[in-house]
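Coming up is one lone chain in structure tokens, specifically the form predicted alone.
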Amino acid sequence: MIRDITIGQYYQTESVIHRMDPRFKIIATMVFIISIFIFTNPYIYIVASVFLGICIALSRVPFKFMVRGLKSVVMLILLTVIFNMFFIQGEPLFHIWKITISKEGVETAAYMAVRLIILIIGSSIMTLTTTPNQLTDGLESVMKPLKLFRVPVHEIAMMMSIALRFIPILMEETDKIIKAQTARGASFEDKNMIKRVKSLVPVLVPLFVSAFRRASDLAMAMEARCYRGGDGRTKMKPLKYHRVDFVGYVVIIIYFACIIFTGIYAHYLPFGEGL
């Protein structure tokens, strides 16, 4: 399960999306996330899924690798589905003890599950095809207008990039600790939930110690290199837009227009009313 987490990882390969400017990938990801939430009907998700499938094919990242990342959030998706099914009132479908499951609850649960799956895979494309350094530079450039309000843009971008970079490192560290504790006789497969939670204590303590040690080493390394924030800093590889990025902007505009058009006129199609 630990190794199934793909968030924050970079998949090295040669593809069109890997060569694109990180600023475009960040903006495109934001537009994609907005597009799956502004309307609620099945045709929107069909258009978004087709677009996402094309992006996955262009990225040359194996689809199995992306789907593997969903295993770590299966519980979150299940909880979202359960809460939507059981707590949304509407036309009753069937009754279980004191719980009534409504038609609207089932529809909302299905839509939310699809949204979460598309959202996670769509966001993974950005992190899998963008190095941490590129992601930092892209975030800093995209958030540059916030400097007018004295927002520490460079520091925020740096923290976000470090956080993403530390996710796979901490996951690998957790996997090593679990294997070490298992070799010492610890059990993490107990069916009793209380015992299962207690068994995590020998994992969490060394994990926190390791995390603080890594953070201290990183801070000392940045201090030794005279890091003083983003003011006056130059870049060895400044970001530059290329033709493929402008083509990408045209494609994302066309995609968003298709979403708007589908959302507005979906009620003329079967099952297009949504909720």
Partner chain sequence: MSIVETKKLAYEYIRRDAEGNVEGITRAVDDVTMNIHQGEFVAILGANGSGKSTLAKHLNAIFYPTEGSVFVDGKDTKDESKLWDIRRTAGMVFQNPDNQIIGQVVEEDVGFGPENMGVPTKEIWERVEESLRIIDMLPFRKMSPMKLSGGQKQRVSIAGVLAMHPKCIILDEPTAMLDPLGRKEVIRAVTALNQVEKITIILITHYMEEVIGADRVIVMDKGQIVMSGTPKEVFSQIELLKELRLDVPDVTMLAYKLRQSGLPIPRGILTQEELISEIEKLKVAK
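What you see is a predicted model, and the numbers here were worked out from it, not measured in a lab. Residue numbers count along the first chain shown, from 1.
The next section is about a form of this same protein that is not shown, the form predicted together with its partner chain.
Undergrad: Have a look at 46, 220, 34, 244 for me and say which one sits with a heavy atom within 4.5 Å of its partner chain in the predicted complex.
TA: None of the other options qualify; the answer is 220.
Undergrad: Among 141, 131, 123, 102, which has at least one heavy atom within 4.5 Å of its partner chain in the predicted complex?
TA: Flagged contact: 131.
Undergrad: If we define contact as a non-hydrogen atom of the residue within 4.5 angstroms of the partner, is residue 115 a contact of its partner chain in the predicted complex?
TA: Residue 115 lies outside the contact set for its partner chain.
Undergrad: Mark residue 240 yes when one of its heavy atoms lies within 4.5 Å of a heavy atom of its partner chain in the predicted complex, and no otherwise.
TA: Contact check for residue 240: no, nothing within 4.5 Å of its partner chain in the predicted complex.
Undergrad: How about residue 10: is it within 4.5 Å of its partner chain in the predicted complex, going by heavy atoms?
TA: Close contact exists here: in the predicted complex, residue 10 approaches its partner chain to within 4.5 Å, heavy atoms only.
Undergrad: Can you check whether residue 168 is within 4.5 Å of its partner chain in the predicted complex, heavy atom basis?
TA: Taking the distances in the predicted complex, the answer for residue 168 is yes, it comes within 4.5 Å of its partner chain.
Undergrad: Pick the stretch from 35-43, 220-228, 51-59, 245-253 whose residues have a heavy atom within 4.5 Å of its partner chain in the predicted complex.
TA: Heavy-atom contact with the partner occurs in 220-228.
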